[in-house]
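Single chain ahead, written as structure tokens, the form predicted alone.
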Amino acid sequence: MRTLKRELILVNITATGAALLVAIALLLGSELRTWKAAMIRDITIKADIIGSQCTAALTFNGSKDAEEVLRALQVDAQIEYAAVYSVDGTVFAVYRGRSGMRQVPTGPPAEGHLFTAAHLDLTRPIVLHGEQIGWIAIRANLDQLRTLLLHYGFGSAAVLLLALAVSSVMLSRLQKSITEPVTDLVGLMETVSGDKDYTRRAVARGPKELISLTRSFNEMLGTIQSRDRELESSLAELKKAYGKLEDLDRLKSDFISIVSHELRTPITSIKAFVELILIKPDMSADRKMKLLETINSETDRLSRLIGDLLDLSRIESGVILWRDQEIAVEDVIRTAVAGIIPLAKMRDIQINETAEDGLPTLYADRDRIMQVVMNLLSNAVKFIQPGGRISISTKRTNDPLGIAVAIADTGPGIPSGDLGLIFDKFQRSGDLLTGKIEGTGLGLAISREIVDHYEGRIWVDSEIGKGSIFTFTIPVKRTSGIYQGIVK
């Protein structure tokens, strides 16, 4: 396969050779015309001299004298014959040249000169006192002309070969300014095609056209690189969206499993106890009261489940009504503890509360902050074994200025693999369906959304067998009264 370098050298040498051949041909044509004109002039001069010397012989019919004059031409090797004709056209005297040519024209050729392939025939009139008395005809061979042409041909061939050799050497060096940028560009194209690395760029050098080509190629690489990045970004976003779809599908399955389980359990109990009361109207008052208390408890449980689902729906819809006001967090905590005390006493769980003096007030929705505290306390009470303890501490934070609430329990602790999941929707530590702990797993997810709305943080520290500490912080940040907040 021929390379660009060889193609350029070949094209340039061909063009150079063709130009030299045309120049040589034109020069040869000019020289040939010059040589022919010189030969005609030389033979004409000789013919006129011989003719003038033969005038006396023609006048006195001295053919011998004329032949003697013609023999003076023997010094010129190119003369093949010379003949003097009388005015009536008969041969008067002949010189047959060095080769002794036997046949000469019987009559004078046409006046003037004529070149054939091998000769020059020239005929001149012989004039005496203005009156023509005869003709002289001379034939000269073209040996000298052919010799000149042969020497010229050899010289021209030598000049042509030398010129082509010099041109080849010079082109071999000069073509680097063209072929090297093109070769580099081709090499870069092959490399990029192989490794798909569109960050590479070609160096713009060489003639204007190659610089323009290189810049266009670099712009093309930049466009491909940009589109490649956009494609990678789109693929990443698509992968992320696919992951979200998988999460949503998992959440849907969890939602169906948990909600159906949590709804079916209280409804089944309520239906069974109501039917029992209906089919046994003579049931004792104590027995009936216990059944009604159970029905009431299951109704409350069902109400809490529906409330959690409604809160989740409002939060995920992105719109929720916040009624912010000046609140003292320690008052909110005391109210929450008072609400959870009956359940704690039933399970023989002790609750201790401590608060730092001089805590700042928060501008927040009291019911939502209460909801966070109640969710954390309810979880602690549900998971702690009878005889356990819950400690609530409230203190100031300085970076940023705000309040931190920590709820510590002596429960079983949370496995490390679940710590990053328990704030997700429908997540509980342990088996979702067969565990003994009631609940949908929405409480912590709702609590995180509330804390995030106020630009706070919520997290858990836990160790198996040593309990857990749930902490949330709310910065002091005054906003404007009742407003429609967007939860992101």
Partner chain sequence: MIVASVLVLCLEQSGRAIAAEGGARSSGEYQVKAAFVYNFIKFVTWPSGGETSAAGVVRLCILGELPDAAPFDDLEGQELLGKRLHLVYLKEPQEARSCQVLFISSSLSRRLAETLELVRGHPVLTVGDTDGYAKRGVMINMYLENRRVRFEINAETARLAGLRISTKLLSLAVAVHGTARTGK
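Numbering follows the first chain given and starts at 1. All values derive from a computational prediction rather than experimental measurement.
Keep in mind that the form predicted in complex with its partner chain is not shown, yet the notes after this line are about it.
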For this session: Report the residue, out of 56, 26, 38, 32, that has at least one non-hydrogen atom within 4.5 angstroms of its partner chain in the predicted complex.
Result: 56
Exercise. Even though its partner chain is not shown here, does residue 129 get within 4.5 Å of it in the predicted complex, heavy atoms only?
Worked result: yes
For this session: Consider residue 44 of the chain shown here, and say whether it contacts its partner chain in the predicted complex, taking contact as heavy atoms within 4.5 Å.
Result: no
Problem set entry | Partner contact for residue 65 in the predicted complex: its partner chain, 4.5 angstroms, heavy atom | yes
Problem set entry | its partner chain in the predicted complex: contacting segment from 457-465, 415-423, 443-451, 48-56, heavy atom within 4.5 Å | 48-56
Problem set entry | Residues of stretch 13-39 in contact with its partner chain in the predicted complex (4.5 Å, non-hydrogen atom) | none
